[in-house]
Structure formats: C-alpha cells, structure tokens
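The chain below stands alone, shown as structure tokens; this is the form predicted on its own.
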Amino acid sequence: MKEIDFVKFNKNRTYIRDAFTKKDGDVVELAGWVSDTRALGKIRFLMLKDISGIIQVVAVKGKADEESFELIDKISRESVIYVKGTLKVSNQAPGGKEIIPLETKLISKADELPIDVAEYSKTELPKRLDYRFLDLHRKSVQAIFKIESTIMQAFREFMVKKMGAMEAQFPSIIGSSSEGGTELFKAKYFEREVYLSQSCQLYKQMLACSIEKVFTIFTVWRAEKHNTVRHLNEARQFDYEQAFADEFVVMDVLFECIKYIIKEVLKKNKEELEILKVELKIPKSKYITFSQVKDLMKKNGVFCPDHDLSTEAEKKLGELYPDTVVFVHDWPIKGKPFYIMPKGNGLSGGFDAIYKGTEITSGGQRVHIPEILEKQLRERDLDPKDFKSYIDSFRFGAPPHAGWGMGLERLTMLMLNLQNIREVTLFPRDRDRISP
C-alpha cells in the first residue's frame, strides 16, 4: 500500500511477541491479521495476530485516533492492517498488555470467509484443504508446519554434522521404473515417453559408490489408486545411502537420526507441541526378524502375509512396543525390490522400520554385483536393458552399500498423533486432489 513505506516499517517493526517485553508507554509499530473484534459501548476491541503471537488493540471513541476507531468498528476478520500505538499494561488484557492505537491503516480487506479459521473450527478437512491458503491462518495449522520445518532442518543437520554426508539432488524424470511393480505417472518428454520418479534409489546408490555417504530430501510420485489416510501420490522422502555398510549399519544410523530429529523438535517447538497437545517422547529401539514377527502375530491372532506385514500386524507391533522404533529385518527376498541383496535361504538384507504402528522406513543392503542384479530383474519380469546405466555403474569398483528412505509427511503425522497425512501436507496431491 502506498501509504506505508515498507522499507522503513521493517526497520521499525515490532513483532507481537516482542511487544510484550516492551515497557508501559513505549510506542510500537505492528502489522498482522484481524483475529476478532467486539464493541462495548464507546470502546472497540480488536485482536491482532502475526506469526509470533496475538495482542489486544483498544480504541475509545473521543480518546483514540478517530480513523482507528472507525476502522476497528467496521473491519472484517482476517483483514490485514498496520497499527502504530502505545503499549499499556492492563490486567484485563490477554497477556497483561494492550495497544492504544495512534494510527491504524488497512492494508488488505478480507472478503466473507468461506471457512471457519477459529482454532476450534468444525470445518471438515476436505473443505479446509480447498482453502488451504486461508486454513494456514490458524495457529494449530501453523504449528504443524513449523514442526515439519524443524524436522527437515534436523534431518539435514544430523546428516551433515553427525554423519559427514553430502546432500545431493537427483532427477525426477526417468526412462523406466526405479522399483518395478509400482504404478508410474507417464509424461511427454519431447518425442519420448518418460515417467515421474517414484524413487531416487538407483541414483543415490551410484553416488554412494564414490562419495560414500549421501542424503537428499526427494519428491516422489506414486500412481497407486489408493484413498487412504496414510498415502499420498506426491510426497517428500528422506533418503540416505552409505558405502561399506550392510543393513544393520544403516538401521543404527536411522535410529540415531530419528532420535536427533525428535530431540530438536522437543527443544525448538515447545510452544507448537503445547498448541497441538502433543506429548512427544524420545523412542527406544527393537530389532526383530520377520520370522519372529510372524510367530508373534500368530500368537496374537493377527494375520500376516508370507512376504509382507499387514496393516494389522504393524498396528500390533505399535501396541506391543509403544514409543519404539521396531526394526523388522531378515525380510523374505520375495517381499523386497530387485536391488535388495539376497542372503540365501529365501531371505534378504532388507528391513522395514515401524513406529507407532505404521511403517515409516524401508531399506536394506543393496546389490552391488551386476550378475545378481540382472538375475533379480529377470525374476521380476523386468528387462536388464532398461537398467543398463545403473547396472554398468557397478562394474568398475563398487563397494557393498546400504540405505533407506523415510517419508517426511508420514513421520510428521505419527510424531504429532494426527490421523490423516493430508493434515501435515501443505498442498496435498492424491487421487482426487490437484488444487490448490
């Protein structure tokens, strides 16, 4: 808005949280959204919020700036305003302090709201997602994504500072399936047909065989036609790969990484956890073979397939081992992708990690021997010719290596005890939603 010099304002601006540290009588400049207004005789009250907090603005007719009184009297909720005012100590005000306006300006008027943005809104999630940009005005929603931001930062910090790993970015356009069996989104690439990548698996292996330790936060696309509360068709994934390692080495890395992330959230997001009423605990670890899980499920009357874990089996593990990352290893080779190393006797170097009754990670030792790769590709009805560059990368001195991938949104959902993965996804993409 022309009336406001934003360069000057940003030099003088006080965030609402900091306003509560000022002295009685100090003059402050604030900007934010109108959370609520009310009238009491000749007094007008306005609750102003910004990213840091909320404060009461009080205008008395005849004593306050006349334009401020009129504006507060007519302003719509969620409109954006500028307030220059005097800080006043008040026992009746939320937080013990309020603002007496000297100058108030409308920056952007809000139309009638299509959804309720109150903290205890009863608007259903699908409609909230239709207006996600407005839903983000709620403190509880902001709390989720502040925590998710910390989770991403903590992952990077752990990998760089604790593991000495290198961050890398990998292509999202591929010529053939990275995993086999997973539905792919097709795309037109000049005169060729290509796919959106459902994994950076093959590329991070190639890099780990020279760089040794590599990580990334990678966007994955999976074209399965599911409609569940824990799946998305576009998601973010934490990926890690390490040379001179087997599955047990990287399982330990994963556990330490999860503990580091949770400690950082506990340290940096106390306020957000309180808003969400989440009591987050640092987990323990449990290592158990797939065969032992099968026996355990049989004792508890829970169905478990021969080569996979059912949803019910994952939930039971969460019940039996609360606040624990359960590593299920020695997985049947038939239940794992072609790039997982076979161990003989029908077993593999693959594992899954279960946390709060849900799989958060799949990983294992990779195949670094071309002949075994070609054999396992054919066994899964995949053509080794489609993976020539990948297979050839292991012909010139490839060390044994292992790694894992962990879903960002799913981890956030479980940490915060939320029931739908779309709650922790800014703009979800699923079978039915491609906007906003």
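Don't overthink the numbering: it's just position in the shown sequence, from 1. The structure displayed is predicted, hence computed values, not measured ones.
As for the form predicted together with ligand ATP, it is not shown, yet the points below apply to it.
Contact check for V57: every heavy atom lies farther than 4.5 Å from ligand ATP in the predicted complex.
In the predicted complex, ligand ATP sits beyond 4.5 Å of every heavy atom of V253. By the criterion of a heavy atom within 4.5 Å, G32 is excluded from the residues contacting ligand ATP in the predicted complex. Ligand ATP in the predicted complex is approached by I421, whose closest heavy atom lies within 4.5 angstroms of it.
Only one of 356 to 364, 153 to 161, 103 to 111, 137 to 145 lies within 4.5 Å of ligand ATP in the predicted complex by heavy atoms, and it is 356 to 364.
R222 is the sole member of K84, K97, R222, K213 with a non-hydrogen atom within 4.5 Å of ligand ATP in the predicted complex.
With the partner removed from view, the residue among R230, K263, R132, H307 that has a non-hydrogen atom within 4.5 Å of ligand ATP in the predicted complex turns out to be R230. Taking ligand ATP as positioned in the predicted complex, the residues of 403 to 431 that bring a heavy atom within 4.5 Å of it are, in sequence order, G405, M406, G407, R410, I421.
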